[in-house]
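Just one chain follows, in the form predicted on its own, and it is written as structure tokens.
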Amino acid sequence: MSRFQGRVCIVSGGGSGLGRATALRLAAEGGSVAVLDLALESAQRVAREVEAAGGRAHPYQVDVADPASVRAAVDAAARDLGRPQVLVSCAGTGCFANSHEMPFEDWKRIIDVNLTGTFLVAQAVLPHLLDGGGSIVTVASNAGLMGIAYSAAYCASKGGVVNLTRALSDEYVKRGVRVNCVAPGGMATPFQNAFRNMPQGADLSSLGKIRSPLGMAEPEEVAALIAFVASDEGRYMTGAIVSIDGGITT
């Protein structure tokens, strides 16, 4: 398939996990990919993977919670690769915590990266998309569709991404920009390590509802869905929140 041939795609959080899988998938389908990540070495490694497979990619260091950093990375990507036409916002962070004990700094960082960061990257890319059309895919979580114990900040941030997606979709539907959201469950990525430390006194049985009989998804499976939603095959989709979580939120 070559659904992204001749298109410039920006992937935030592209240095690992789902972001890496998405960058590789879009590049394999012909896209020129800007790999944005806080860890420059990770972004560089993914860009090299893309190029080794015959694709085109440039790495950029960015803190998605910093407006100036985001603007600089998006402007550089547009200069190096051309007008962005696709944005996939994968950057994220999280942890488990007792809500009554959670340090404000941890709360703020999760909201800043997951929610504010999703907005800031979309805000920086939108002027390019309005100049000829394009597609945004945000990445939420089933934690944005239901409550999960010890995850107040993460649930709040991802729930915000869900409604941010709907709001942006409604605002730009008549201006040639589609905005959709993919909401995964557990994935076999390094991000899962952030949720391995349970708070003191945690009731593990309360987390049973987030475990699917199908186990965890591979990031490539979720990336395949993202590619469909972002492509012209998803033309009739906007404002959609698409679950891919092994049936947890059915």
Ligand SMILES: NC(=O)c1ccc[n+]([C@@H]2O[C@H](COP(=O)([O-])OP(=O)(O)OC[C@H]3O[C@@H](n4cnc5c(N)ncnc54)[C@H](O)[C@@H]3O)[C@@H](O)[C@H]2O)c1
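Not measured: the values here are computed from a predicted model. Counting begins at 1, following the sequence as shown.
Missing here is the form predicted in complex with this ligand; even so, the following discussion is about that form.
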**Message:** Test of understanding: in the predicted complex, would Thr165 fall inside 4.5 Å of this ligand by heavy atoms?
**Reply:** no
**Contact flag, Leu18 vs this ligand in the predicted complex, heavy atom cut 4.5 Å** = yes
**Prompt:** Do Leu207 and this ligand come within 4.5 Å of each other in the predicted complex, heavy atoms counted?
**Reply:** no
**Prompt:** Looking at the partner-bound form in the predicted complex, is Ser32 within 4.5 Å of this ligand by any heavy atom?
**Reply:** no
**Fill in**
Testing 153-161, 172-180, 125-133, 80-88 against this ligand in the predicted complex with a 4.5 Å heavy atom criterion leaves exactly one stretch, namely 153-161
**Asked** Among Ala224, Ala39, Ala28, Met198, which has any heavy atom within 4.5 Å of this ligand in the predicted complex?
**Response** Ala39
**Request:** Between 152-186 and this ligand in the predicted complex, list the residues on our side with a heavy atom within 4.5 Å.
**Result:** Tyr154, Lys158, Pro184, Gly185, Gly186
